[in-house]
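What follows is a single chain, given as C-alpha cells, in the form predicted alone.
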Amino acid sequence: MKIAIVCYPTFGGSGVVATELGIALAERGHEVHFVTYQQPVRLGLLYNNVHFHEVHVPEYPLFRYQPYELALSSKLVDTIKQYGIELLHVHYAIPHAYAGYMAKKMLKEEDIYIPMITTLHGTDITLVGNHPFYKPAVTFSINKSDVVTSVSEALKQRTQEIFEVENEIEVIPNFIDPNKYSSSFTDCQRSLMARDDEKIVTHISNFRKVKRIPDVINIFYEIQKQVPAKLVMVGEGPEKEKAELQCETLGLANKVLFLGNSNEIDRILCFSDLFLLPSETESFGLAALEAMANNVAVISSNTGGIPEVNKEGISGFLSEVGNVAEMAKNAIYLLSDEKVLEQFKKNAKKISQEFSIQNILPLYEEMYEKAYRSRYKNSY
C-alpha cells in the first residue's frame, strides 16, 4: 500500500511514533511518504520505499501568520496525485486532520477518493483542541476522518468527554522497537555521566509546564540526600532555564547534567537506574516506555495513560500529581536496595515487550485496510 504520513518532525512523542511507524511499514513492503515542513528527526536516512516531501510556506506581507494548513493541504494534493497515494495517515487532529480533510475535498473534485486515518496523541485534544477557538474545528476533523485512533484508553475517554464525537475511536497504543535498544555500551561511557558509586536518575521531555520540571528536581533533591546520585535531564523547552536556576539555588549544579535534545536516548537510558515522570498529564507516556525498554524502573504520576504503561509495584511506582514526598520516598526505596531495583528493572523490560512494534504494527495495518475499504462511504 502507498501511504502518506503527516506528523510534526520534532523530538515530541507523536513525531517519534509516526516516524518509527513509517519506517516499520516500509520494512514490511509498504511505500511510505512523509509530508511535513522538515525531515523528521528520527528519520536518519531514506530507504528505497521511504520518501520525504517538504512543505514550503511562502512568506507574504499580507499574512501576519503564514498559513501552514493551506500549504500542507496543497502539498498533500500534489503528492497524492503524483505518487498514487492510497491512504493518508495524519498524526494530531489540528492542523493535520484539518488540512487532510481539505485535501480530500480538493481531490474529490477530480474523482480521487483518499481515506484518512487520524491518530490522536494528547496535546491536540487536552490542550490545544479544548480551546474554544479550535474546538469546533477539532470536532469536525475527528468526525470527518475515516478511522480515528488514540494512543491510550485514557485519551479515548478524555476525547469523548470533551468533544461530540460521532466516530468510533480505536485504541492503538504507542510502541517501541526492542531491536533498536542496545546494552552493549561500555562502563567507561557510563563514567562520563556518574561515578561508579552513584546511581543515575533520568528525565526526558520537552520541558513544558505540563511535565512539572520543578517536581523532577525536588524529587532528586530528596534522593541525593540519602543515595549518591546524578540527575540527567534530556530535552529543550521553556522550563529549562528555570530548572537550571532551581538546581543552582538548591546546590545541585554539580549533580545535574542538562544534555539538551539528543539522538542518543538509548545510550543515556542504558546506564540509567531510575526514570522520573511526574507529569501533570500524559496521554500515554512514551518516554517512560522507552526507559522501561532499556531496563529502567519508573517513578511517575498516576495520570492519563501512564498507568497503562507503568505498573504499580511491578515496573515502578505511581503517585498522585504533585506528591513529591511520596515519589521521592519510593525512589529512595528502589535505589537503596540493589536486589529490589534489579527486579523492578527486569519487570520493566518485560512489560515494555508487550508494546513491541511487532505486536502493534499489525493493528495499524488492520486499520488501514478498514479505512481503504470505506473510502467511498465517507460523505466528506
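Residue positions are given as counts along the sequence shown, with the first one as 1. From a predicted model like this one, the values you see are computed outputs, not experimental measurements.
The form predicted together with a small molecule is left out here; the points below concern that form.
Engineer: Using a 4.5 Å heavy atom cut-off, indicate which stretch of 239 to 247, 208 to 216, 141 to 149, 254 to 262 touches the small molecule in the predicted complex.
Structural biologist: Only one stretch passes the 4.5 Å heavy-atom test: 208 to 216.
Engineer: Quick one: from Ser300, Ser73, Asn294, Ser283, grab the residue that has a heavy atom within 4.5 Å of the small molecule in the predicted complex.
Structural biologist: Filtering the options by heavy-atom distance leaves Ser283.
Engineer: Of Thr159, Asn310, Thr202, Asn174, which residue is found within 4.5 angstroms of the small molecule in the predicted complex when only non-hydrogen atoms are counted?
Structural biologist: Of Thr159, Asn310, Thr202, Asn174, the residue with a heavy atom within 4.5 Å of the small molecule in the predicted complex is Asn174.
Engineer: Can you check whether Leu21 is within 4.5 Å of the small molecule in the predicted complex, heavy atom basis?
Structural biologist: Output for Leu21 is no: heavy atoms all beyond 4.5 Å of the small molecule.
Engineer: Please tell me whether any heavy atom belonging to Phe275 falls inside 4.5 Å of a heavy atom of the small molecule, as the geometry stands in the predicted complex.
Structural biologist: Close contact is absent here: in the predicted complex, Phe275 is far from the small molecule, nothing within 4.5 Å, heavy atoms only.
Engineer: Would you classify Tyr101 as touching the small molecule in the predicted complex, given a 4.5 Å non-hydrogen atom cut-off?
Structural biologist: Contact check for Tyr101: no, nothing within 4.5 Å of the small molecule in the predicted complex.
Engineer: Does any part of Phe220 reach within 4.5 Å of the small molecule in the predicted complex? Heavy atoms only, please.
Structural biologist: Contact with the small molecule, no.
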